[in-house]
Each structure stands twice: as structure tokens, then as C-alpha cells.
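Below sits a lone chain in C-alpha cells, taken as the form predicted on its own.
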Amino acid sequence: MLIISNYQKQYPGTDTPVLSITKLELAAGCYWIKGENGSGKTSLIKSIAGLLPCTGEIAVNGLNIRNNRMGYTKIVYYAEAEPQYPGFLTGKELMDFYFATKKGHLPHKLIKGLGVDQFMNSKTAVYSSGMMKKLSLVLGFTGNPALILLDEPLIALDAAAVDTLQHTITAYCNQGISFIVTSHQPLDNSIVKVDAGFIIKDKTLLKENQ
């Protein structure tokens, strides 16, 4: 499903890379990446999403982000940790835009389960952090994804929303859709089957308990 080779991310003005990955191959499934603040979790997941330049090669289902960026971004979706959207747009307008761009489908069960249907006609300028997070998750599931990247998806969510999200991840995994999740908060292993956990240590991505 995902192949990363010779990956390295280094920011201007720094002498050492934030993170280096010589080779990583992941079959379809659900994966959990853990690490301290500043360890490179978000840099990695943004690189996989195509939002952050890096060295090396990244491919999903045979589509290389450098050689076929349009095809790649149609199947790789991302929901960020602290989303921000133009305050003059409503949640529904953003959902309509994502739907028109990504095609596929709207995640109606998730929209209702997270309660986004109750505030999606309001402008995002009045959204709380929790409302913004829920909208971000809905957008991350909108379309026809092969891989969904969730950066700290549980923060700012109430208990009911966490339960809804975790059941949704499981349902999507059962349909063959893959996930890479970064989270300080543990996923409920009784709900979400994590195929492998990884930890970032000393700028290296290691399989947990290896």
C-alpha cells in the first residue's frame, strides 16, 4: 500500500534532519505512529499527504507522488491536528468543495455521528476548536480514499465523538481503506485493530517492540 524510500526532512537553518527513513513498506491496514513533541510525526504525515517537501520517494498503491501527483492526491487524504479554515465559509460550503474536488461520497454517518449536521450551515469563524476538528475529520473522509492520514484525531473531541470516530475507522478498514494515525492518546484496541505501532526515536521511525 505505502512505500517510502530514502526519506529525509530537514528544515532551513538546521544541521540535522527532523526524521530519516531508509525504507518503509506498509501493507493495507491501520497504523499508529507515536513520538514526543518535535519528533517528526506531523512532518512525516504531511510529507505523505504531499503538503511538505522532502527528499526521497513516496508511493501509495503504485502511485508515486512525484510522478503522478494528481492521481496520488485523489487517493491520499489528510485531516490535520489543528485545522483552520477561512472564517467566511460555512462548513457545508467546504464539504461541497471537497466533494466536488474529490468526487466519491460524503461520509453521511460520520457527519451525523459527530453532530456536524447541527452546525455545518454556520460560518467557521464561530466554530469552537471541537467543531473545527469535527469538520476537519469529515473532510478527511470525504471522497474515495485509499489512505487516510489522521494527525492527532482525538484532541478536542468529546467522549461520544471519539467513540464515533474509532468505530468509523474500523468500518473503513473493513472496506479495505488504510489509516496512518498519530496520537498521544491511545486508540481503543477493543474497537480499532492496529496492524502495527511505530515510535519515532532519535530521528528514526522504529516498529514498536521490535
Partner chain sequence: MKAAWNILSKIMVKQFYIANAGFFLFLFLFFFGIVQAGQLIWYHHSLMLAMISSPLFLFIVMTAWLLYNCKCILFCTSVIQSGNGGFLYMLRALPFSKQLLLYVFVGTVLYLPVLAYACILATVAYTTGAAIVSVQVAAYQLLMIIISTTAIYSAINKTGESAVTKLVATLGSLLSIRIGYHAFLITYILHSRKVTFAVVKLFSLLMLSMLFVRNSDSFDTDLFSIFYPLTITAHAALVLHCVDFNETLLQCNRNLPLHWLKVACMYLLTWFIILLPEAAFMLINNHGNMPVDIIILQSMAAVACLLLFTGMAYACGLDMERYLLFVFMVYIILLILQKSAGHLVTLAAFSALALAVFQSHYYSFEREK
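As the structure is a prediction and not an experimental result, all values here were calculated from the model. Numbering follows the first chain given and starts at 1.
We do not show the form predicted in complex with the partner chain, though everything after this point is about it.
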| query | finding |
| --- | --- |
| Listed residue that, although the partner chain is not shown, lies within 4.5 Å of it in the predicted bound form (heavy atoms), from 52, 160, 155, 28 | 52 |
| 4.5 Å heavy atom contact, residue 138 and the partner chain in the predicted bound form | no |
| Touches the partner chain in the predicted bound form: residue 69 (any heavy atom, 4.5 Å) | yes |
| 4.5 Å heavy atom contact, residue 118 and the partner chain in the predicted bound form | no |
| Partner contact for residue 127 in the predicted bound form: the partner chain, 4.5 angstroms, heavy atom | no |
| Contacts with the partner chain in the predicted bound form, stretch 56-80 (heavy atom within 4.5 Å) | 69, 70, 73, 74, 76, 77, 78, 80 |
